[in-house]
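As structure tokens, one chain now follows by itself in the form predicted on its own.
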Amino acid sequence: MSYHPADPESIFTYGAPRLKFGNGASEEIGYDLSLTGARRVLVVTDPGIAATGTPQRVADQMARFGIEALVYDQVHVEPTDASFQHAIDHALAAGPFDASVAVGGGPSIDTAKAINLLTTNPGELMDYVNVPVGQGRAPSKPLHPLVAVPTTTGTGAESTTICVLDVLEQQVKTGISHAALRPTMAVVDPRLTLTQPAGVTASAGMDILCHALESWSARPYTTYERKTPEERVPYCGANPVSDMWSSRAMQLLATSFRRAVHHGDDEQARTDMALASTFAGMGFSNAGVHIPHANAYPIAGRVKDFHPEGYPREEPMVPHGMSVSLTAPEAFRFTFDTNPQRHVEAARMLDPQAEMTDDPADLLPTVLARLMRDIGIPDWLAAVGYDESDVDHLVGGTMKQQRLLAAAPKDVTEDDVAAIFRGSFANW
């Protein structure tokens, strides 16, 4: 059922980093950091991105502005509490730093957020991880400037107030969430995404799509009980500003997503995907995401032996965007009755030529499944190694993501989640 508060909220909030967008934007980071007074900067990236030379070029340009820059290139492609701690320990040993630059996808940006938090504030990593997995402590001291430079189009991490990690001992993916974690500045240079492999483009692009869809379909801010000023959080529910960003992101995806996957050298498609990622990030980082993202955490956290195309082969993984997409068709079939018109509108934005299905509730799932098939996303959960015996564990992991499920447009029970997982084992 939908939410009907006794004293409905009448206020929504909006936050975003400073933004610099366009080809060549990454060449101006030294100047931008000089305006903050930074003198010693840590550049955070992963080995694959480091091999392209981009992080070192970003570091080298800072010398002209009297800034010393060191590169840390050991970010884990799917960050864990252990990989976060390794990065934090390195920064503490090599520091102090008075600013940081993240160059890479979501893992690099999220790792930089964790470094920034734990090198400026007291305590341990798990003190700040969201409850019930961690203690959910808020930072007590200001963080340093952080410039986020995405080299993939998808995570939106350059706009968000969260960093995501796997907690290895609990076999669950969760996050740290606080407004202070939002990067000071996002520098989006579409040319940096031209080398992104097709498999990465497909997975990360599904993250864009689900960010937009989930914030578009999230609980409206007016369905929450009225909050006091100190109770306000970044995820405030769907609102007119988040709707604007999310809808525009879906419209851009409709014309650029397939092209970017199948023709990676198409600069216009890459630029439109980068815009879509930026816009979706500005939407969901304020409205929130819900069921597909909550389901994604245990799907990724309990991976068995799946090795996706375009990603490092050393370890099994279900990339974040892929894990989000695998239950999205069923999730949006479940939420359809909360706002049928909005679900149909979303399907029309993503595929204006799609013919109406016999049951309108099937339209958006059909559009999503067709897109996923076209770009090479696996045919739902069975293809990445899960079966009926995994459902209880997956449901348990999802139900730990109450911060996300709170943004769903209706109450979500364990039985509801189990039905969504079971409905996601079918082929196209």
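No experiment lies behind these values; they were computed from the predicted model shown. Each residue number is its position in the shown sequence, starting from 1.
One more form of this protein should be noted, the form predicted in complex with a further copy of the same chain, which is absent from this view; the next part is about it.
Here the chain stands by itself, but in the model of the complex one stretch of 126 to 134, 309 to 317, 353 to 361, 221 to 229, 221 to 229, has heavy atoms within 4.5 Å of a further copy of the same chain. Although the partner is absent from the chain shown here, S10, K20 and R248 each have a heavy atom within 4.5 Å of a further copy of the same chain in the model of the complex.
Interface membership of L275, defined by any non-hydrogen atom within 4.5 Å of a further copy of the same chain in the model of the complex, is confirmed.
a further copy of the same chain is not shown here, and in the model of the complex it never comes within 4.5 Å of any heavy atom of F332. Taking non-hydrogen atoms only, Y235 never approaches a further copy of the same chain to within 4.5 angstroms in the model of the complex. Contact check for P240: a heavy atom falls within 4.5 Å of a further copy of the same chain in the model of the complex. For the options A346, A148, L209, M282, the residue carrying a heavy atom within 4.5 angstroms of a further copy of the same chain in the model of the complex is M282. The contact with a further copy of the same chain in the model of the complex, taken as any heavy atom within 4.5 Å, belongs to E28 out of D392, E28, E68, D374.
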